[in-house]
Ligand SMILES: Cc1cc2nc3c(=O)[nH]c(=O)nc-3n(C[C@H](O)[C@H](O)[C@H](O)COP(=O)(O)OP(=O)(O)OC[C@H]3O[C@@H](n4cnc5c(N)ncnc54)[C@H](O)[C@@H]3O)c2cc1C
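Below sits a lone chain in structure tokens, taken as the form predicted on its own.
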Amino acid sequence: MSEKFDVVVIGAGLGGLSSAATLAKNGLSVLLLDKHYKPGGYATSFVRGRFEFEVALHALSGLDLDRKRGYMYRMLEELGITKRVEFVKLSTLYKSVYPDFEFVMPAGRENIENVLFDTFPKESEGIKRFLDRISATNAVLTGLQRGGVTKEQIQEHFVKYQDKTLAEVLNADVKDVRARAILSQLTGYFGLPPSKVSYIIAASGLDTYFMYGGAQIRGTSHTLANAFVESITEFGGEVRLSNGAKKILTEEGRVTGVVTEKNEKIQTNYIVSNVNPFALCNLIGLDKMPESFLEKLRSKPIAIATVCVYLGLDVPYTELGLDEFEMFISSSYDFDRLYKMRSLEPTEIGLATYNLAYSEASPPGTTIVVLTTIANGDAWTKLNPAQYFETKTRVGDRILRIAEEKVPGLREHIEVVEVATPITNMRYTGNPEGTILGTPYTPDNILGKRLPQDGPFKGLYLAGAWTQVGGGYQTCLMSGNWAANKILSEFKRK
């Protein structure tokens, strides 16, 4: 006899976890399935030797830890996560390092204005215009979700900019190339240079981060994923790991159930898919998928991936002169040129020192450092096995050499090193080309232009990086919450 649940959630990434927790908290019977033996997707960790490495998280935004009023904090609080996880506020946002210039970006709008105005006095008016502009855009974007904005505000701060790139807006306000670079330093998080990334998305992300600052999770983001599992279980839901979905059952345009990898047949009228949409098509059957859905997938390129070098060092970070949690090392102020070189010859990296977020990130007297650069996943998939091994070694060494220019002696203190490429990402997540963002944040692929939470079958809803709002910790958590709320609305109507 088959089991029956109100909702089956497929994939225990952040979107699936937040969706399952929201549904279970509201009294629905929920089953969460994942093929991996631990939850989280990219929100996880791994152990090498005596070090536990954070896989992906550099900084979690949207919390507003000082007042506990950020959208993300309130959502996590409602789902019982904040009582299980300790968030640590980062003291600054980032340090930008260029060949002839270094700059530390503080947290908080007033602090940011003060230091930028002091550093670039001739640009003060333009910088203030830009900061005011992204703040207004973010307020309207938030208002569109919650209500309370006027047509005039929507026209002035949203419609006017929906086809613009960040560079088009920023460059009109700020002329100094150094100030532009600093203000757009975080575009690596969005996977595109300022000339290609959507202004709307960049404005929302930058303003939220500038206002609230960033946070780390004490104990890595694997702690966050485990906290969600505990909450889901506490609310009466069920989580089955090492047991993904093998098939989604449909009948007359509606989902009817799931067959698991252990050949369990689960009846349900609602499914939340947190797997990538290509995998979703295979679960349902390509012959059953609406052509309009397939065409939408074919029309969208794949977003960037990453190469990460994970280092366990045998000395405390103070001996290496590391003084900021997040440091970006760039060879040029021209992010467009750097982006074009991202394929197999990186010239720009991010360096995160996790012990500067919380001291116990590694054993006493040691340090965990993660070096990251964006990468073209497609280029990596074209390598044969011999080329892949050589390229992985060469790119990892190149990333280390870039880091050593600013952190002399780094290599001498490596106790553990692990290199992860787009192929690593593909193997662990199943994402095509190892992407971390799904599809790119270009102006023609934001908000309603991305895949919606409503799937191509009745009762099927989508969550995760490929959907609205897009890739990233906060956005994926939001997507799962939105998908769950759509299902809850249907149950209320019934």
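All residue numbers are counted from 1 along the displayed sequence. Quick caveat: nothing in here was measured; it's all calculated off a predicted structure.
Omitted from view is the form predicted in complex with the ligand, to which the following refers.
For the options 465, 31, 451, 63, the one in contact with the ligand in the predicted complex, meaning a heavy atom within 4.5 Å, is 465. Scanning 187, 268, 306, 198 against the ligand in the predicted complex with a 4.5 Å heavy atom cut-off leaves one residue, 306. Partner contacts here mean any heavy atom within 4.5 Å of the ligand in the predicted complex, and among 163 to 171, 271 to 279, 120 to 128, 67 to 75 they occur only in 271 to 279. In the predicted complex, the ligand sits beyond 4.5 Å of every heavy atom of residue 455. Put simply, residue 21 is far from the ligand in the predicted complex: not one heavy atom of it is within 4.5 Å.
Using a 4.5 Å cutoff between non-hydrogen atoms, residue 407 does not count as a contact of the ligand in the predicted complex. Under a 4.5 angstroms non-hydrogen atom cutoff, the ligand in the predicted complex has residue 473 among its neighbouring residues. Contacts to the ligand in the predicted complex (heavy atom within 4.5 Å) from stretch 278 to 296: 283 only.
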